[in-house]
Ligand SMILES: Cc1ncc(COP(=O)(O)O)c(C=O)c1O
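Below you will find one chain, with nothing else, as structure tokens; this is the form predicted on its own, and questions on how it binds or moves follow later.
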Amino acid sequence: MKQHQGKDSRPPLVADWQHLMRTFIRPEDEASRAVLTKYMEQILFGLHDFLASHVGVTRERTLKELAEAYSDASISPAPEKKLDEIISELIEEVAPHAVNVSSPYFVGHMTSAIPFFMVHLRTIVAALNQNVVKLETSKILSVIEKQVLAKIHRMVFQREAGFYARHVQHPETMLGAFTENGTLANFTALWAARNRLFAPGPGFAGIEVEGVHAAYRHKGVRRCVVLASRLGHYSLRKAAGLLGIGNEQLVVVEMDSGWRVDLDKLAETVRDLTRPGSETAVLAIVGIAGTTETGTVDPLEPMAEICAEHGIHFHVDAAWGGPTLLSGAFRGLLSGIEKADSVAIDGHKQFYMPMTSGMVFFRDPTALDAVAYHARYINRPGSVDLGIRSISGSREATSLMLDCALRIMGAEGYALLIDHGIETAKAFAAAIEKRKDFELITAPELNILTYRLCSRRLQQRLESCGQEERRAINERLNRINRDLQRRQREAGKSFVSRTTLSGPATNNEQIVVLRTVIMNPMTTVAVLEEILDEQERIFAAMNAAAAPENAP
């Protein structure tokens, strides 16, 4: 076998059985152990200090440069480096060009700091390497997962104690399922709803067996639709495509001036789609408990009433806002979620878990029977394997991390995090409104808000000018805000994201806005004021370089 000569004086590395066993079972030597101890001690016991020292928010090295540096597509026949060299390389060459999502100045996305103990829990989960697809590869982990599902189900649906006593470990029912993310949680909910809508009947084995065309023919329809607001997550379009109904059948219902689904338009759309002779089956209506762009919550209670009136599956995408139910102060914002037929929640969002963990829950504990699959070597009929009613096959026991976190933090601990995010977002909104160069676009309902650079002078002009001038002003502001966001990101000290919004509140014009997500407990109003200060400095530099007639 060809040997690879290292860059230093170490002997060449070889891939023989002796070296493989040593590498597989324990560190190669004391040098490797020392490096592992040096860095892992920092990560395990000083995670946030470690990230602050080794990872910037962003670094100036471009993606083009990084792509060029990582363009070798060959696998070396022999080992290239020892463990201590690889660990050192990760810390010194990779980490500095990752994104420090744990920084209190990183407020642009739904990925944030995690509690330090999550790294410990993740390490144990990885070390155990349990596969919860089947009891034979997980045993107690599958039992714990069912208990965790019951705890979150109770948080959402608030059924009586006897209900949970019956179903928490019932071998033939499932209160929900863990998935890898909110996308798969949404898909699972709509998958089960589709199969129940087109369930087996006389002369029809069901849509899961016979397919979409046969299902439509059996039910006497020409199409099947899902209804959601314009701010619905793009995973809903993916789900419509994967389920075979076509992503064009995601019917967008317009929003009201508060960036929530317009109830009158929703009711009107449902009446139109369900009128006699429409040949349309309504698969589900989706309410959003915390939109990704504005953080707003749809009016869940009246949406549930519309669904109940017409016999339509009501799914709530609470991937973001679900844990708000742990807050005594703000759980009322999600009033009506308990009337949903299914609910999706992301663990790696406001349960502060590492990537990746999603969950889906059903009010009916038999709903997941509609998506049950068996195999001769695994998930056999009559077994209690969790993989029977899951879109995923092999899957790690992320439920163990959530179980431990719930016991370490308690509901009140999570409530402190939720309350901090919402209250800080409200204070940030007030700070924005005090500054003459900024305009608050969407006030926070949860802990997401949007704003843009727009001077008071232009705000006044936009209120009184005609449509053509308004469009021209907004186009110029869009360019400025895109440039501002890009420059701040490249500066590397702080990060906000941007998106484009349109709706009744913007006269249906598309406007580019700066978007902030306040979930890091170390993000304070003082930090957010610094971010605004930096944006003002960047804007001043942009303004100084611009021609006078182009300055906003």
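Here the structure is a predicted model, which is why all the values come from computation and not from measurement. Numbers for residues come from their place in the sequence shown, where the first is 1.
What follows is about the form predicted in complex with this ligand, which we do not show.
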Spot the stretch among 407-415, 207-215, 346-354, 476-484 with residues whose non-hydrogen atoms come within 4.5 Å of this ligand in the model of the complex. 346-354
Proximity to this ligand in the model of the complex, single hit among 233, 313, 153, 395 (heavy atom within 4.5 Å): 233
Have a look at 322, 387, 182, 176 for me and say which one sits with a heavy atom within 4.5 Å of this ligand in the model of the complex. 182
Using a 4.5 angstroms cut-off on non-hydrogen atoms, would residue 110 count as touching this ligand in the model of the complex? yes
Hey, in the model of the complex, is residue 186 touching this ligand, heavy atoms inside 4.5 Å? yes
Does residue 290 reach this ligand in the model of the complex if we count a contact as any heavy atom within 4.5 Å? yes
